[in-house]
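There is one chain below, alone, in structure tokens, taken in the form predicted alone.
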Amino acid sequence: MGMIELVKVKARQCVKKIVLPEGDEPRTVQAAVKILQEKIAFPILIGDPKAIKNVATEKGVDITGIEIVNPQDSPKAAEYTNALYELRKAKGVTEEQAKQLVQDPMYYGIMMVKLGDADGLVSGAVHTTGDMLRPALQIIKTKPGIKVVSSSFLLDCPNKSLGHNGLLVYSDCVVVPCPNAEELASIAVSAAETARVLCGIEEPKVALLSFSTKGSAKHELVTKVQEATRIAHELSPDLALDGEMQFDAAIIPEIGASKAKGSPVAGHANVLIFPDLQAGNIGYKITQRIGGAEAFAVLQGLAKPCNDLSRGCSVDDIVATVALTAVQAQG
């Protein structure tokens, strides 16, 4: 059974409400039907019911049983407006502006998650990452102790000797271009939690990557990773985490034993923290395209889960991301 199928099994154990703010987008409508049929989550489509029903008819799918919420006439609109105003008035948002924002499906969906009327959110078939992440950061905010929202790629590799039975978690590959040491440490702790919750890795082994292993090179970039390792240990003292470390020393036992003797992680890492976005993005794509790994992305660090799709996503991509979001919502 592949990783996503295992995630779906977990999602069915405690079914969560996941809001889809791009409610009249054709792939999203089709995905909502599959999600309900597979009992992965209770999907909530945001938008004009008439437009959503027209899309369903055009695509030949039955949306019976799927909750549809229209922000334009929602009985919750006043409650959401008041809550948003209280959250953002210190930043200069007026009551009238809050009322207008709540009419936007993205903001409405984020408020549903914030106030507990939904457990998570998935968007991106139409909107950019920033379209979702800005209101999520403003309203949902980050988990206590976490300084930055980041991403992890969950890579299911054909070579099952790697990582945790072929599962590797790469972070950050999407969000933070050039993290400082404190941010890098926060990313490492978040990625370990992602590994536990989504990949079933009970004992994450986290390697902070560099072009140096244990002082083999001297450079300010190496110093940043060393400092991040120190801070991450302070944030999560019980986590098996080490750095700085070259990629091969992190995942190949013989090389890890040679280059980083005595490390609790070297040669056996299953969570790999890249020093910046260029390295992370290149690394996951090499693993995916040359290594033949299946790759699934999630955001991490938010107090409640919100995830982003590629605008080229398929129906099955949306279904998979909803399943991941539902499991994140379980904790």
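Residue positions are given as counts along the sequence shown, with the first one as 1. All values derive from a computational prediction rather than experimental measurement.
Here the subject shifts to the form predicted together with acetyl coenzyme *A, a form of this protein not shown in this document.
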Scan S258, S236, Q97, Q138 and let me know which has any heavy atom within 4.5 Å of acetyl coenzyme *A in the model of the complex. Q138
Select from the listed residues P177, P253, G215, G116 the one whose heavy atoms reach within 4.5 Å of acetyl coenzyme *A in the model of the complex. P177
Of the listed stretches (83 to 91, 206 to 214, 157 to 165, 102 to 110), which one has a non-hydrogen atom within 4.5 Å of acetyl coenzyme *A in the model of the complex? 83 to 91
Given that acetyl coenzyme *A is not shown alongside this chain, does F153 nevertheless sit within 4.5 Å of it in the model of the complex, heavy atom to heavy atom? yes
Can N281 be called a contact residue for acetyl coenzyme *A in the model of the complex at 4.5 Å between heavy atoms? yes
Within a 4.5 Å heavy atom cut-off, is R134 in contact with acetyl coenzyme *A in the model of the complex? yes
Just to confirm, H268 within 4.5 Å of acetyl coenzyme *A in the model of the complex by heavy atoms? no
